[in-house]
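One chain comes next, on its own, written as structure tokens: the form predicted alone.
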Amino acid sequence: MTTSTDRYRSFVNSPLGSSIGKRLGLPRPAELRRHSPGSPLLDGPAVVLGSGALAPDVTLLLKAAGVAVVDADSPDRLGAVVLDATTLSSVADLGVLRDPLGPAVRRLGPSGRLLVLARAADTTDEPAVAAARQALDGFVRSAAKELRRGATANLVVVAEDAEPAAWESTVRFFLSARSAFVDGQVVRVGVAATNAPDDWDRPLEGRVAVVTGAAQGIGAAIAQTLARDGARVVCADLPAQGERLAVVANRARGTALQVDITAADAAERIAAHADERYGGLDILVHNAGITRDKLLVNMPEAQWSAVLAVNLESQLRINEHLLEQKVLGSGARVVCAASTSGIAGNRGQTNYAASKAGIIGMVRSAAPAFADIGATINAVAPGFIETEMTARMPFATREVARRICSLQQGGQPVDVAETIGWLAQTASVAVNGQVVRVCGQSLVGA
């Protein structure tokens, strides 16, 4: 599932290239640690800082996962630094971000993790409290730009009354190699009752998933990753992609469904296929999408309409039908593919960016209705991902796109898939209405 076309990264990480790169002062994108079944949660011990209510439970989580938790002054090379900043209430309290956090971060190893846990900055808070809490946003995003050797920094905002089970899947995701290309992000975890999976290596065991646009690229990686994590997968794509779709479905040990998602009966066909083959539907991944790039002043109506129909209207219509018919019920997970283009815009992509921004609006608006039935809807927004499509980009454009993120490289399709797999877990019920960028903290959409 890994596509490696970044020859520069491969070269500067080779013995010869590393030597030349150091002499010339060239940037050296790290080889990121990615998840494989059975791999440890962290590649090294962890330090847990802060005196908030979450710190003891995080320590228990890490120890239960087989991670050694060491003292702040330990000389060990660290796999992660976790700061419980939930008690911050003044500017003076922010001193913890420099010391002892700063010295601990200095000891982070390759692909290390800095994870900050906080409370939301609410308009009802005292100004000093809100200021201290909001300061963490800027701190984490800036710290992420300073880390080296593939290390990442992220912020998890935990609701006041959230039990450990509500945030465990999120903490595990951001600490693990599954989040290799998720950097500088802020995720909010609400209050919802849930249970941990029997096996964190197969958190989707027994669940039924439908992935649209599954015949290639990111869609194929999603199907295979969900299947690896225990889901039974329906791989859906256009009839014209039938041969490729069958290959992906076979690899995922799932079934293939040839369907045009813009067709009036697409939702009925998806529901019927999932029910006939597996007895229901638990996870729906709206991955299918198209581009028809052209400057706005030159864009034909057909290109405009086609992109909106595939990327946005189809998702709205399918979601509405599956909710009305109660195909999606308690425990359902819907994950939609947005894009950093929908956040920051992109020249020649007014139609595509509008459709992807529309997905973000849809997810945020629909989240309360999903929560009412014990379900969730979230979005992922990929940045530059190494696919067949990006491999055809002009060389200079492709190289710039790779280097303008904190991790100085493009992501892999599996990086998007891993993020979707986390959001698809039953244990992630407290994450709802969120948009998570999978972009290595790109300057585009930052």
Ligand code: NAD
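The numbering used is simple: start at 1 and walk along the sequence shown. This structure is a prediction, so every number in the text was calculated from the model and none was measured.
This protein has a second form, the form predicted in complex with ligand NAD, left out of what is shown; the following refers to that one.
K.L.:
Looking at G190, P197, G289, G150, which is the one with a non-hydrogen atom within 4.5 Å of ligand NAD in the model of the complex?
P.N.:
Answer to the contact question: G289.
K.L.:
So which of T87, Q303, Q134, T262 gets a non-hydrogen atom within 4.5 Å of ligand NAD in the model of the complex?
P.N.:
If I apply the 4.5 Å criterion carefully, the residue I get is T262.
K.L.:
Is G217 close enough to touch ligand NAD in the model of the complex, meaning at least one heavy atom pair within 4.5 Å?
P.N.:
So G217 counts as contacting ligand NAD.
K.L.:
Can Q408 be called a contact residue for ligand NAD in the model of the complex at 4.5 Å between heavy atoms?
P.N.:
Q408: no contact with ligand NAD in the model of the complex.
K.L.:
Is the gap between M389 and ligand NAD in the model of the complex 4.5 Å or less for some heavy atom pair?
P.N.:
It does: once ligand NAD is placed as it appears in the model of the complex, M389 has a heavy atom within 4.5 Å of it.
K.L.:
Using 4.5 Å between non-hydrogen atoms, is I385 touching ligand NAD in the model of the complex?
P.N.:
Result yes; I385 sits at the interface with ligand NAD in the model of the complex.
K.L.:
If contact means any heavy atom within 4.5 Å, which of 72-80, 121-129, 201-209, 335-343 contacts ligand NAD in the model of the complex?
P.N.:
Selected range: 335-343.
K.L.:
Residue by residue through 349-376, tell me which have a non-hydrogen atom within 4.5 angstroms of ligand NAD in the model of the complex.
P.N.:
Result: Y352, K356.
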